[in-house]
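Here we start with a single chain on its own, the form predicted alone, put down as structure tokens.
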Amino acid sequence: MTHPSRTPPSVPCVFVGDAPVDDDIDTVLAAGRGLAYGDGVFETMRAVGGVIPWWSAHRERLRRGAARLGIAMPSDAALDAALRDLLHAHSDAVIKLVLTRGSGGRGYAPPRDVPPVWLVSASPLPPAPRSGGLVLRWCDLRLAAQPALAGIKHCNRLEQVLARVEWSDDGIDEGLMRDADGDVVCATAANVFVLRDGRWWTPPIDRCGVAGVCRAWALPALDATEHRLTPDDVLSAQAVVLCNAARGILPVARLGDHAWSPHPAVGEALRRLADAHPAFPVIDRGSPWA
């Protein structure tokens, strides 16, 4: 199991268009629409050995989100160079890339032809998940339906923030979130897959939620299909896992009072991920999920 990096978080590298900002970084960020309105998109990526194995998928999702919001993209060359410099100093880390519309004065109306402001930074690796599986709870906060924003990883994460502050118990790892109709959508920081009748199901991301990069990999890799999921669908599943690009596939052991025993399909999913991404090595033979 990979252990958390001891490297402290990096100072963000800030750019306007393709040009790095060396002076007045705080002024540039404070004047931007990203801080004022959450007017931007971001990617959270796992780096291993000085590379981001799923970078092409993250770049494509960043591009789709920027297009949905009408935000200009920096050049591929500028993105690649910024990440290369960051990875030289932080080879095994969680890399965050935030792209905002830039500065445009007061008011909601977006400015025209303004270069984007974007930044990259590195943080230590997350702690290893508990070996027995995650412990979840139901979140009280419901996700609002907004198809115009569904799927993209936009910078307004207030729903997730409010859901996450619902608990402070260290014995709880994550919370499952439902939409206004009561259907299960995701965890606060991960997508959810359930095993039913020997097949993996995951909720569609057409009304709310984030279409995760690990989720996109898992759909074909696990021969998964999209289905609306009720809480009863989750509780009656043979197995449940969460996934995101920073932590991979995370087996779930308990949700409230309901518990799941290790299932061989979860071990197979973990092995397939290990073959696809070097940051998530194959599980130990002694693991209950093997």
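Only a predicted model underlies this, so the values are computations on that prediction, with no experimental measurement involved. Counting begins at 1, following the sequence as shown.
Just so you know, the form predicted together with a further copy of the same chain exists too; it's not on screen, but the next bit is about it.
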Stretch in contact in the predicted bound form with a further copy of the same chain, which is absent here, among 215-223, 136-144, 81-89, 196-204 (heavy atoms within 4.5 Å): 136-144
Check, residue by residue, if 238, 243 and 259 all come within 4.5 Å of a further copy of the same chain in the predicted bound form, counting heavy atoms only. no
The one option of 36, 57, 265, 51 with any heavy atom within 4.5 Å of a further copy of the same chain in the predicted bound form is 36
Any of the heavy atoms of residue 162 lying within 4.5 Å of a further copy of the same chain in the predicted bound form? yes
How about residue 44: is it within 4.5 Å of a further copy of the same chain in the predicted bound form, going by heavy atoms? yes
4.5 Å heavy atom contact, residue 156 to a further copy of the same chain in the predicted bound form: yes
Can residue 123 be called a contact residue for a further copy of the same chain in the predicted bound form at 4.5 Å between heavy atoms? yes
Enumerate the residues of 180-202 that have a non-hydrogen atom within 4.5 Å of a further copy of the same chain in the predicted bound form, in sequence order, or give none. 188, 189
